[in-house]
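The form predicted alone is given below as one chain in structure tokens.
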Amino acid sequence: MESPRTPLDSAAPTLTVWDLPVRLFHWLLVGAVATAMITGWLAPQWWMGAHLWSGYQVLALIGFRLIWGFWGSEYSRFASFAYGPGETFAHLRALVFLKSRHAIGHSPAGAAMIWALALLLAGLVASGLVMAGGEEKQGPLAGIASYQWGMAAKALHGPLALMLLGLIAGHVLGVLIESRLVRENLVLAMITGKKRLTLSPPENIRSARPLPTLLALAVMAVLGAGSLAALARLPPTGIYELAANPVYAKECGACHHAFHPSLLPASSWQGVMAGLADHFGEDASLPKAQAEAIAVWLIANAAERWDTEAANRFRTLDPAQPLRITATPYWTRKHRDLPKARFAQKAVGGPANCNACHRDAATGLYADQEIRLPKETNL
């Protein structure tokens, strides 16, 4: 599929190498990966929804490419760029010495990069799904992934993203170098689908197989949708249906947000309810029966029962203030960039009013995309 390097001019014959599905796949993947990187590294936390959807888009595109790699047109098929190690290293060596040969389809170096990018993207999508399911209790794996699974996936997801950034830089650099060496705009080729030839077009170029392709895509779509639907029906792990406690909501909610019981361990709730007479400097005493009923409810539904991110994080207490949620190391770290003036705003009313910024505070989930900071006002 390669020919010796020969100057290519505008009169050289052309061939449609990249079919429309491959070109759409390529540029949609570029957009999805760019969106994932921007929302993962640069955007505020409440853009996490866009980050997750870009990951789903990458997953769908990878699934399509797997099918098209067997049923697409000639140079879309995996067989057309399944080079051996010898060919690949020889091509890389030629690039090092600024020599290259024109390839009709993917060159050996380009093919190696494609395989590496595909494997890395698959790892990123897999770790992202586990992380979302285990840590955030979102997505199709929320019903099977624990918080510990999510944290393990998170430890892998970040380094893989950095590796992807390095591969992308290498891919772009390689395309620019090869474009200059073979004297053809390879970026433009991925837009138009056409490449100029140095020799006569190869014989028996196979086109896409429409009917088998449509059938394969239909089967894939049905199986994929069915699997995701089945997983989505599973209840998230470590989350329970919390029985309402109107007395707790009324009495505690009269002064501040009525915290979800999963935000403190049982020992802390026991201490809070035992010290209502001096409740952080105020007398919050309740009739004995009411106080005992609330204490039983809080302790039964304390952080130890839940597997949410908040429950796991808030189990680590500040030894000096073990009863105060807003003194926990995690709460302090997450809110360290917010000035005290933001909490003093009338729309917030203090650090204890979680629901002023977290729209899902009542559920105890505290999803990143549910954060909405009130507009800053002059105090």
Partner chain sequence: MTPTKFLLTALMSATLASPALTNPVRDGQLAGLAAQAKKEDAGFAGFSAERGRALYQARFATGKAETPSCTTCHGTDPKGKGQTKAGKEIGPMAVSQNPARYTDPAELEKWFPRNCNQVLGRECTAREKGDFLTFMISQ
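Predicted model, so just to flag it, every value in this text is computed and none were measured. Positions refer to the first chain, counted from 1.
What follows is about the form predicted in complex with its partner chain, which we do not show.
Chemist: Would you check whether its partner chain, in the model of the complex, lies within 4.5 angstroms of a non-hydrogen atom from each of L286, K346 and G350?
Modeler: Yes.
Chemist: I need the one stretch from 111 to 119, 92 to 100, 252 to 260, 142 to 150 whose residues put non-hydrogen atoms within 4.5 angstroms of its partner chain in the model of the complex.
Modeler: Heavy atoms within 4.5 Å of its partner chain in the model of the complex occur in 252 to 260.
Chemist: Answer yes if any heavy atom of E282 is within 4.5 Å of a heavy atom of its partner chain in the model of the complex; otherwise answer no.
Modeler: E282: yes, in contact with its partner chain in the model of the complex.
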